[in-house]
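Here's a solo chain for you in structure tokens, the form predicted alone.
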Amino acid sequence: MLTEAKNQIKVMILSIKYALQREMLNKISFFSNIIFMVLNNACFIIQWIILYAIKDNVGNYSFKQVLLLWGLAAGTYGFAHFFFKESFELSEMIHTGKLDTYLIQPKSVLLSVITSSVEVSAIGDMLYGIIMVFLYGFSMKTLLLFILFSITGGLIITSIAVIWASLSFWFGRMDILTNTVNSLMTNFATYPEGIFKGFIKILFYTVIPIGFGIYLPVQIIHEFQWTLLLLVIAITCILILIANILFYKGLKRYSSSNLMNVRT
């Protein structure tokens, strides 16, 4: 099993490498996408600078915590969309029967699909996240935790995308719902948790779990707690497991041609 896992990781790395090489054929476009994404993210901080000139805190977040929040939101988004870009197009691929070419390959279908291309601008998101760490207050501990949570957050975002997309195996086209959930996770992740109350806050730890992907990691980096760290890691592993189970159960229906109402 360990050997198989290593082989799958190697295949994933090669898939990402070749996808990146394709994108780098046009170097001007490649680097401009990265630079403009960093600048685009930086523009949004201006509104927070203005707001914090008026108020001392927003939702119990200091300005430095907001910088960390934005950095982590960008880092998780960048990680997910660079390494697992196609997880966000998975519902459409299921619906249109584009998984066929992956079924005959002797490797993990899910990994092969979601790593088949990269989003170049996502590199800019990850770089922006690192910049925010330095503005928040650099230390090796903060940087290492940031990298860890960018990975766990990215895996959570990816897992949620796969979970919702996998429902297409049973219920037909789900891309609108999947895109909505993905957009909500991205948009809400850039606002302090304290401004949300009641049912919305419950959603952040269930249906759209940015609580585990963003809010708890911000809290942990700001004030370290082992129990919360282990909780974030555990939730990440559980969501990855659920995503894999749902996808491969659905794939049996797909490969046996029982999705007559899904394929076009």
Partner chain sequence: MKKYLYIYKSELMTNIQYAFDLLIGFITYCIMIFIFLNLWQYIYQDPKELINGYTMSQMIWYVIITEILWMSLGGRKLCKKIAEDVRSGNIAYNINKPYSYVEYSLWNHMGLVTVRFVLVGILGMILGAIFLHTFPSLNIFQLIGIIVSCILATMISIYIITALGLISFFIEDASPFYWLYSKMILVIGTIFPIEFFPAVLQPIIKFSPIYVVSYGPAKLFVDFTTTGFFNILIAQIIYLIISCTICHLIYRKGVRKLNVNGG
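Positions refer to the first chain, counted from 1. Since the model is a prediction, treat every value here as computed from it, not as a measurement.
Beyond the structure shown, there is the form predicted together with the partner chain, which is absent from this document and is the topic of what follows.
**Student:** Tell me which stretch of 109 to 117, 146 to 154, 92 to 100, 185 to 193 has a heavy atom within 4.5 angstroms of the partner chain in the predicted bound form.
**Tutor:** That would be 185 to 193.
**Student:** Can you work out whether I50 and the partner chain are in contact in the predicted bound form, taking contact to mean some heavy atom pair no more than 4.5 Å apart?
**Tutor:** Close contact exists here: in the predicted bound form, I50 approaches the partner chain to within 4.5 Å, heavy atoms only.
**Student:** Does Q225 reach the partner chain in the predicted bound form if we count a contact as any heavy atom within 4.5 Å?
**Tutor:** No, Q225 is distant from the partner.
**Student:** Consider I176 of the chain shown here, and say whether it contacts the partner chain in the predicted bound form, taking contact as heavy atoms within 4.5 Å.
**Tutor:** Yes, I176 is a contact residue.
**Student:** According to a 4.5 angstroms non-hydrogen atom cut-off, is L239 in contact with the partner chain in the predicted bound form?
**Tutor:** L239: no, not in contact with the partner chain in the predicted bound form.
**Student:** Out of 112 to 126, which residues reach within 4.5 Å of the partner chain in the predicted bound form, heavy atoms considered?
**Tutor:** Sequence-ordered list has one entry, S121.
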